[in-house]
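Take a look at this single chain in structure tokens; it is the form predicted on its own.
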């Protein structure tokens, strides 16, 4: 992304009913270059939150009227991805735990010194800036995803990433891992739909020597090899009922038993699962265990399809052009206007994965140093053209072949808005053949005769 496409990441809402404290926090943050908006109560903060976007909300815990915890809960109910830093009294362990359970990003103990305040805010915003380079786009929808990633990264709770195929579920899972305390350890990923039940069991839980034909040595599974790190289970909705039982036990007991083994092995992994399926419907139909669903869906992250965040399309296009041009050792001046229009208007059923594939192909085929409309795949170029087939109205019986031909040409021209290229496609003729017949029959648009 270019600098103009990157959010500024410096807007802070400071909430405290004590004027001196509020003004002190405001002064410290403003001197550090942040855009600070103060609020003297929780109710005023809610109003400001509804009217404007904030990167971080800094609020005191003990306030008259709506206290900080009530404000936090209300903010989270309106926007689950909001980043809230709570300021609490020294030694108030219970209030800290309750705030974190309710969705606070972090907490500060009074008295808050300048260095600690600035470091906490800076770390929160640095996380968002890093996500700007990892997760391309700055639409409202993708901004919510980024904030949710940052909020849940510090937790050990299971995350369920939902979204259509090609939306970038594994990229989000990797971003959660990279923003977490486990970032220095391994990230293991497995596509549950790509393996049959026996292979998946061995892949996840490992096996003992001689446990089945070909098991010539003991092998650790991903739950063990990812110890201290993150295990990503893609297409979790495709696992069999028997495997669902084993996954549930691994999550509940935090231990696994290798295939052919009898001794449980303790494991320490952060589990992230992903699916494009409707798990709620599968639970209702008895195809997915309800208890496993609740174990997985502790922290849900929903990635919207590309068609619902069109503001991100051109940012993604520019990113993929730069990426694949570098791979091919080519330089591009950019993307032509008509090509950008086609890319913006296309429906992208395959989401970001399809967009990247289209740009990679266009880079390979482009004959100039700029991507043109004709470089794009045919399905994108023709997506907004009228249908290439329609039901002709047959003229009365007994007319000559020439009269029939003339009637069909007129109908095609009328449907296409008198566009010869589109009409030729409807009729299965070449442009020149149709042009010749239009002249032969003297066909003109009404008012142009």
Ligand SMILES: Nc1ncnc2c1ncn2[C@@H]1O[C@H](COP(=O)(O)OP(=O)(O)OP(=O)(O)O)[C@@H](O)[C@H]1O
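Positions refer to the first chain, counted from 1. Predicted model only: the values in this text are computed from it and were never measured.
FYI, the form predicted together with the named molecule isn't displayed, but the following is about it.
- Interface residue among 177, 258, 151, 169, judged by heavy atoms within 4.5 Å of the named molecule in the predicted bound form: 169.
- With the partner omitted from this view, the residue of 203, 98, 164, 106 that lies near the named molecule in the predicted bound form is 164 [heavy atom within 4.5 Å].
- Shown alone, this chain has one stretch from 329-337, 346-354, 244-252, 291-299 that lies within 4.5 Å of the named molecule in the predicted bound form by heavy atoms: 346-354.
- Taking the partner from the other structure, the named molecule in the predicted bound form has no heavy atom within 4.5 Å of any heavy atom of residue 374.
- Residue contact with the named molecule in the predicted bound form: residue 134 places a heavy atom within 4.5 Å of it.
- Of the heavy atoms in residue 234, some are within 4.5 Å of the named molecule in the predicted bound form.
- Contact check for residue 358: no non-hydrogen atom falls within 4.5 Å of the named molecule in the predicted bound form.
- For the stretch 295-323, the set of residues having any non-hydrogen atom within 4.5 angstroms of the named molecule in the predicted bound form comprises 316, 319, 320, in sequence order.
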